[in-house]
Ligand code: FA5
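First comes one chain, alone, set out as structure tokens in the form predicted on its own.
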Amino acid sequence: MISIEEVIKEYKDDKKDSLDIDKLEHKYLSRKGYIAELFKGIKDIIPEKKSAYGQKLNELKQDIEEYVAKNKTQEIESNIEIYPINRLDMQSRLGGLSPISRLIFKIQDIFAGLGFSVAVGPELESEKYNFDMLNIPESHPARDVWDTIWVQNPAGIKSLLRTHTSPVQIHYMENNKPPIRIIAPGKVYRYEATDSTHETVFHQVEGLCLDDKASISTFKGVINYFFKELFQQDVKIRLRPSYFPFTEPSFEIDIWLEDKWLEIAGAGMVNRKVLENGGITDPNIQGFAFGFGVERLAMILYGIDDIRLIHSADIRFASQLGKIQL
């Protein structure tokens, strides 16, 4: 067995010859290296010399470890390329919520005052919940209008990034009994060309109210209160007949602002077939649903003329909007 004196001498020679640091580390500090071998040999040292021997061995081990660490650091530093950098503006600035998040929280607060709770659902949705359960069969032309982004898993099962937050209605009805009062804010996806008023990704707020008394008159009262609180003024509203597969009757909601009518949302009484798909079969239960785009409301409230600015991640744009109080 090699002696500690022989190891010390060999170690000094290796340092003098600048042995590769990784090879040196392996030679002395690995599980089968010299240091490990010397520690195993302590049992063969006579008792009166064990203490001095152990101290000497520990000092040698520490010296080798420090040498390896120092040389590895120098090796790393020698491989670092230094580039000139420009001085950055490091002034401390507080972050803030995006204009869309602020507006969604405001909308939630308003509807909370009317007894509505918040419901959420998956953004990656099945065809069943995004279309079929909402009375939009495969042959329905609405599917062409909402041609969206499809994904397929390794098993060949197709899903899609939801085109609206309406599927949350079905998920919620399947797990809750009336009375139901919910809003479902969230991100939605459409495969379409972008311009100043259209984006591929945007946010919607879906609303659902079901009980044995809900009517169009109830809906008008709810939506009137909402827009009055949101805009902090009386807002003139009109309902125009329209068509949606999941409501009957259906209507578009327009608001009178800045001397013109603005189309702001869609709504209607929930189609009986949709109620049944959600597990609600009681004929006395009825209600209304509505949905609107958050970005469209933000453009009105903040005076934004291009929807693409909202998701541009431009700190100058966001900081300007952060000064506006909702």
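Note that the structure is a prediction, hence the values are computed from the model and not measured. Residue numbers here begin at 1 and follow the sequence given. Just so we're on the same page, rigid core means the largest C-alpha set that superposes within 1.5 Å between forms.
Not on display, but discussed next: the form predicted together with the named molecule.
**Q** Identify whether the named molecule in the model of the complex is within 4.5 Å of every residue in the set Phe131, Ser159 and Leu275, based on non-hydrogen atoms.
**A** The answer is no: none of the three residues contacts the partner (heavy atom, 4.5 Å cut-off).
**Q** Tell me the stretch among 49-57, 64-72, 29-37, 262-270 that has any heavy atom within 4.5 angstroms of the named molecule in the model of the complex.
**A** Only one stretch passes the 4.5 Å heavy-atom test: 262-270.
**Q** Considering non-hydrogen atoms and a 4.5 Å limit, does the named molecule approach Ser117 in the model of the complex?
**A** It does not: once the named molecule is placed as it appears in the model of the complex, Ser117 has no heavy atom within 4.5 Å of it.
**Q** Does the named molecule come within 4.5 Å of any heavy atom of Phe202 in the model of the complex?
**A** Result yes; Phe202 sits at the interface with the named molecule in the model of the complex.
**Q** Verify the contact flag for Ala289: yes if a non-hydrogen atom of it lies within 4.5 Å of a non-hydrogen atom of the named molecule in the model of the complex, no if not.
**A** So Ala289 counts as contacting the named molecule.
**Q** Just checking whether Ile21 would be counted as a contact of the named molecule in the model of the complex - the rule being heavy atoms within 4.5 angstroms.
**A** Judged by the heavy-atom cut-off of 4.5 Å, Ile21 is well away from the named molecule in the model of the complex.
**Q** For the heavy atom contacts within 4.5 Å of the named molecule in the model of the complex, list the residues of 189-208 involved, in sequence order.
**A** Contacts from 189-208: Arg190, Glu192, Thr197, His198, Glu199, Phe202, Gln204, Glu206.
**Q** Could you check, with the core superposed, whether the Cα atom of Asp282 shifts 2 Å or more between the shown form and the other one?
**A** No; that C-alpha moves by less than 2 Å between the shown form and the other one.
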